[in-house]
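Shown next as structure tokens: one chain only, the form predicted alone.
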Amino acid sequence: MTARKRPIIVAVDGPAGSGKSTICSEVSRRIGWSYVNTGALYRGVGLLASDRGINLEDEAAVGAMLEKLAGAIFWDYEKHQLFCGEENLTPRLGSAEAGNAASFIAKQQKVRKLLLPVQRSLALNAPKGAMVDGRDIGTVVFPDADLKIFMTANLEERARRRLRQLESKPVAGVSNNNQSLSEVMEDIARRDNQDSKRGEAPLKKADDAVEFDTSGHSQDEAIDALIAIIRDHGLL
């Protein structure tokens, strides 16, 4: 049998709050694969630009910064943490600041072009297999993935999950939860619209993706179901 030249790649796309990061990270842990959260990359780059006083709408300036720093950005597979050099960006990735920054830079063509090889490298360096989640993994980053999943859930459930996430992951000891459910629903709906209509790498289901609706499922149920899908495709 010919040796496999690269790790198994499972590409998971879907809208905010569908459960991608929580489910994919735990599935990866249980099956002994690596996990790469590409959304964290955009949040991290947004923070790096904000910290340097760069106008987030200045695509040339953000791109110039990223050209200098791209080689220093890496994902710790074991800890599920994002670093730029020795700086651990992870504690701030769940903040509203990071989310707002990401919404500006994720639609910039130059940023996406520069981060594309970074995302591919992070996954292809995995020792066995990699779960890679984001908005355009199956359509742009890994159109040749071994399996593509489009994870979704209804809007209200996604908003409730986002509220719980904000409550459970305070930044600098202060809760991020200062929004009502309706406000979070509005934010997510606005993000859905922005992600699906942006000109560069819009959020959409790949033609050959398996749709996975997590509505009404507990976290453990969704994790077990995703592992079953991977197994059913002969990847475990």
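In case it trips you up, residue 1 is the first one in the sequence shown, and so on. Not measured: the values here are computed from a predicted model.
As for the form predicted together with a small molecule, it is not shown, yet the points below apply to it.
Stretch-level contact check against the small molecule in the predicted complex with heavy atoms at 4.5 Å: of 74-82, 146-154, 120-128, 101-109, the positive one is 101-109. Among residues of the shown chain, Thr38 is one whose heavy atoms approach the small molecule to within 4.5 Å in the predicted complex. Interface membership of Arg135, defined by any non-hydrogen atom within 4.5 Å of the small molecule in the predicted complex, is confirmed. Among residues of the shown chain, Lys205 is not one whose heavy atoms approach the small molecule to within 4.5 Å in the predicted complex. Shown alone here, Trp33 lies farther than 4.5 Å from the small molecule in the predicted complex, counting heavy atoms only. Each of Arg43, Arg162 and Arg198 is positioned with at least one heavy atom within 4.5 Å of the small molecule in the predicted complex.
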